[in-house]
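Okay, here we've got a single chain as structure tokens, the form predicted alone, with questions on binding and movement later.
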């Protein structure tokens, strides 16, 4: 059932909720996790499985039809199986984003809970580069698990953060990854968050990447779904697809339908917004969270969290007030 309580002042209805299960991860990717020691949330500051289910029920009753579980790395949360089982009882499309390392251990559970699509974060197809980015020697395990998902007939998206100076040499490798596999590779323009050493000269735009791809391949444009953040393409004759998520060069805020809950129970109405609404604290005080939820939705800015300049080359990261990516949730 729908509700105008998830409708913001710009007429956008929010039917897609991303829930972060943890701010912990077994990888150390620079674009997500700041350098130095990490202070992960203690279990008492995380939403527990029943609280996650409670919030998810409220959102689904208001019209949310899709829930994505994120992190950090959601599969490092020891209660992940319990959380997934609880959420699988709701009338929503349930999916997750993961780095893929532990998928083989959870695959039966994932399928039993009705998950049909999984996003894998994979920024390089070169084992040495993979190690430099993640600081972990898990490349072959991730690749094996991607193939395991394909063999299990799951819909698999591979997300690669495109950083200038790194991605150019691998564009063709990622495109070849789609030749004989029904994989959907998405190149994500590098976005600014606290501590991730972003600068505009590290951004390579979708337009620049597409020109490089078109210089080698015969490419066709595909239709994009409503509310899609990705602009989809396909190499003629290849089984899979590739796409660009153009947050920096061409934002897609106009029909945004996404909300986020951080692992510590804060509502964020935009990935780039500094404002947060503490649903968990209100719930633990015994308060109705609906007024906070509605306030959060209706406070949403028209674009880019009210903080970023639409011209990414004019963004000054020193003036951005936000969490690191790992503290927000993917």
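Note that the structure is predicted; figures quoted are calculated from it, not measured. Residue numbers count along the first chain shown, from 1.
The form predicted together with S-adenosylmethionine (SAM) is left out here; the points below concern that form.
Considering S-adenosylmethionine (SAM) in the predicted bound form, the lone stretch of 139 to 147, 154 to 162, 102 to 110, 219 to 227 in range is 154 to 162 [heavy atom distance within 4.5 Å]. Looking at residue 259, you'd find every heavy atom of it more than 4.5 angstroms from S-adenosylmethionine (SAM) in the predicted bound form.
Mapping the unseen interface onto this chain, residue 189 counts among the residues with a heavy atom inside 4.5 Å of S-adenosylmethionine (SAM) in the predicted bound form.
Within this chain, residue 304 is remote from the site of S-adenosylmethionine (SAM) in the predicted bound form, having no heavy atom within 4.5 Å.
Although the partner is absent from this view, residue 193 contacts S-adenosylmethionine (SAM) in the predicted bound form, with a non-hydrogen atom inside 4.5 angstroms. For the candidate set 270, 53, 32, 292, a heavy atom within 4.5 Å of S-adenosylmethionine (SAM) in the predicted bound form is found for exactly one residue, namely 32.
Contacts of stretch 265 to 284 with S-adenosylmethionine (SAM) in the predicted bound form, defined by any heavy atom lying within 4.5 Å, are made by none of its residues.
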